[in-house]
Structure formats: C-alpha cells, structure tokens
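Shown next as structure tokens: one chain only, the form predicted on its own.
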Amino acid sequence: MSEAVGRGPVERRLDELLERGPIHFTLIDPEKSPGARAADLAAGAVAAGSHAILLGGSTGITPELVGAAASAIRRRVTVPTIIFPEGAGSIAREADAILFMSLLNSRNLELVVRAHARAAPLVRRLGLEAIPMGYVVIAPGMRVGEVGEVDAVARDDPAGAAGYALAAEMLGMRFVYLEAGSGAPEPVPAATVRAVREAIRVPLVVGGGIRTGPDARTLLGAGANVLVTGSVTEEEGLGEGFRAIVQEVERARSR
C-alpha cells in the first residue's frame, strides 16, 4: 500500500535535486512547438542548465500532440518530461509524470477536483507518475485566470496566498505552485513568495512573467525552490533572457 501512494522515481529525483538548491523547469507548448521542435528546445534548455521539461500551456492540446512531443524529447534528454495539464486531453503515456494539480482558487469545482476524479483512473491505467500539487493563481492571472474562473489572489495579499499554500500542504499536496499567468507583465511579488515560503515546508514553484536574470534573482532570494519559464522561451527562444534566468538558478545552487 505504501508503495502505491508514495513518491515515484521522478518526484524522488526532484527531491534529490532540491536538496542541493533551487532548480529550473522549462515549459514547452506542444502545439506551438510540436515533435522535433519541442525536442530541439528541450535539448537546448537542458544544455543551458534546466532540470526538467514541462509539456503543456495551450487550451485544446491533444494526447497525440503531447505524446509525440514527449517521445521526441525523451529521445534527446535524460531529465524528466512532465505533463503540465490543461485537461484530460493533455494526458499521454509517453511522458514520465504528470503534475496532478488542483486549481485551489477557482470558482469552478471542475478545476478543483471533479476533473481529477475522472482523470485519475486514466492516469493510473497509463502508469503515469502523479505528482500532487496545489496551484494558486496570483493577479493578474492572465489567460489561466480567465479560463480557470479564478478569484485571483491580489498582489498585495501575501497572507491570502500563504493560506492557500498551507491548506494545500495540509491536504497532502507535495508541491505548491504560485502562478502569475503566462505572459504576465510582472512575476509573482517577492513579498508573496516570501510569505508562502515561510508558511510551508513543501517545495515552492513560481511561474509567470519571469523574463530576466534580475526577476529570477529576486524570486530565488524570496524563497522560490523552482522557477518555471515558458513565455520567454516562446518569445525569444533560448536566448539571453532564458540563459540569464538559468544562470541565476545555478548561482543559487552553488552557494
């Protein structure tokens, strides 16, 4: 029984990496970067220092798109390939794991737990490792805030974000993700990251609006354990902004 509900190999690997300091995830949209293009991006990102690849981001992606991208990526890199689900259409057996995320501040119970109840048997049947995660949207939220029907946590309400995060931990979720939204003009405020980091014991993931090295340095200094970048990669490729972010993570790991 303990084996069935315990940490799988991908989560254990992430835990081992996190013991040595913060890490970086590259988010790749398999619709915008399908198949071989996704694999090229992943290989470049890993060569630059990224520690895992997330697949997801668009509404309306299919298992075929996710599966093809995951297969191509796994042929090129050895870091984990993890589904960042938009819905049941994101689930594909070719990935290593899936972030089993509850959108905690959604007004729609479908996104809090009901979709999960339908997806869980499929995830188990496909043999995907599920990594339980509490997902909290911080203003402005952008497209995920609209689609997710969220009551976004205000940028001047760090205590509100900390409450959601601590509830996630107490419900048994082993990661907490603070999301400002893809393409957000600014990342999650440092004060919010700091308040959440002080409140919880599980790893803290931060994404949305991270475009520069100084952005990354501020979030890492506030206590983020994992930084996720997606928009900067789509807009600029694996250019100066992306590399500066990864370099800040590496500097933090070397301290």
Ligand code: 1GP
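Just count from 1 along the sequence shown to find any residue number. Predicted model, so just to flag it, every value in this text is computed and none were measured.
The form predicted together with the ligand is left out here; the points below concern that form.
In summary, among the residues Gly183, Pro132, Pro158, Gly148, the only one with a non-hydrogen atom within 4.5 Å of the ligand in the predicted complex is Gly183.
Judged against the ligand in the predicted complex with a 4.5 angstroms heavy atom cut-off, the residues Ala48, Gly213 and Phe242 are out of contact without exception. Residues placing heavy atoms within 4.5 Å of the ligand in the predicted complex fall in a single listed stretch, namely 221-229, out of 221-229, 65-73, 194-202, 33-41. Contact annotation: Phe84 falls within 4.5 Å of the ligand in the predicted complex, judged by heavy atom distances.
The ligand is not drawn, but in the predicted complex it has no heavy atom within 4.5 Å of Phe175.
Interface membership of Ala190, defined by any non-hydrogen atom within 4.5 Å of the ligand in the predicted complex, is ruled out.
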